[in-house]
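Coming up is one lone chain in structure tokens, specifically the form predicted alone.
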Amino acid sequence: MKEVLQALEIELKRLASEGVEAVVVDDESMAVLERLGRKAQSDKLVSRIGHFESSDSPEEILPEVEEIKFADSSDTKSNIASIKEKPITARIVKNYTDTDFKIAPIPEPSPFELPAGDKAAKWNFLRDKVLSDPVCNAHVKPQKKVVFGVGNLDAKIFFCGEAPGADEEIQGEPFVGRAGQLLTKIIAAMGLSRSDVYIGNIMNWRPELPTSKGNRPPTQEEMAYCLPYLKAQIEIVNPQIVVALGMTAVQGLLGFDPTRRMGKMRGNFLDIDGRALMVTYHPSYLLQYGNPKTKRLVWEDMMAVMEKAQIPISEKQRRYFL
């Protein structure tokens, strides 16, 4: 039975390497996993797959797939043979709703206008509005914080992430955990610092889970509520380039589309409200699956951003991860 679960984990990692970022296991497959898990005493793996629980890093979760099918047989060899003969099927579906995770309903966002004045005045108004937003605060755990963007209001580059994790909701700042530390290193490799760029998230709060461990993708309702606040930050900063870190950021910025695949989208400039949008992998993906090839892909994306922003690239930088 252990071999079956290992084969399943390998297949999930393969899917992740192709850019699959969201997974939901259907009831039938979950029942099979639970039976195999009990027999193999692998409850930890089943829990991580079924309940979005992570290990040490709050940003890390096993990728989620909407369908996972394999032969339901009591014979282990039959199961393994079935897996080898026909790969586990997977389909991205991130059209989550607020009822999927038993959270309080999320209302439609209320329209608002930024005040007149300079960038600092507009940003301070928006920050106060977000931090005092009753919906945002209703979904923040006790003693935790709503998270708002930080950085240079005149930045050429706007990094957009997905949702706060455990470290972020404590400090009230995006990208301060392990994934944030890696993002800081990526920015430094570009010859910049965090104070040179702007960093924000699709979400202003950490999506709720029954436990304090792990993360889950935000629902469409949650992203829709927070999106006007994100777009207002982009409007204030007026960056030349927006970098979408991960598929959740892409779906939040461009709207849900089940046909999108990270492997096909990354490395290309798209358009968002007349600005260049670069799609690349989330730093947490690199933490979990980052091999030299994947790191090079992300670095090539960053060099493309640097070129568009007219940031000089040295020969040493061009050779990173080769």
Ligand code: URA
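Note that the coordinates shown come from a computational prediction; the quantities given were computed from them, not determined experimentally. The first residue of the sequence shown is number 1, and the count goes up from there.
Beyond the structure shown, there is the form predicted in complex with ligand URA, which is absent from this document and is the topic of what follows.
In the predicted bound form, ligand URA stays beyond 4.5 Å of every heavy atom belonging to Ala244. In the predicted bound form, Glu222 stays away from ligand URA, with no heavy atom inside 4.5 Å.
When ligand URA is considered in the predicted bound form, Gly161 lines it closely, a heavy atom lying within 4.5 Å. Pro174 belongs to the set of residues with a heavy atom inside 4.5 Å of ligand URA in the predicted bound form. Remark: none of the three candidate residues (Asp133, Lys144 and Asn204) comes within 4.5 Å of ligand URA in the predicted bound form, counting heavy atoms only.
Contact with ligand URA in the predicted bound form, defined as any heavy atom within 4.5 Å, is confined among 114 to 122, 166 to 174, 235 to 243, 150 to 158 to 166 to 174.
Taking a 4.5 Å heavy atom cutoff to ligand URA in the predicted bound form, the one contacting residue in 277 to 302 is His282.
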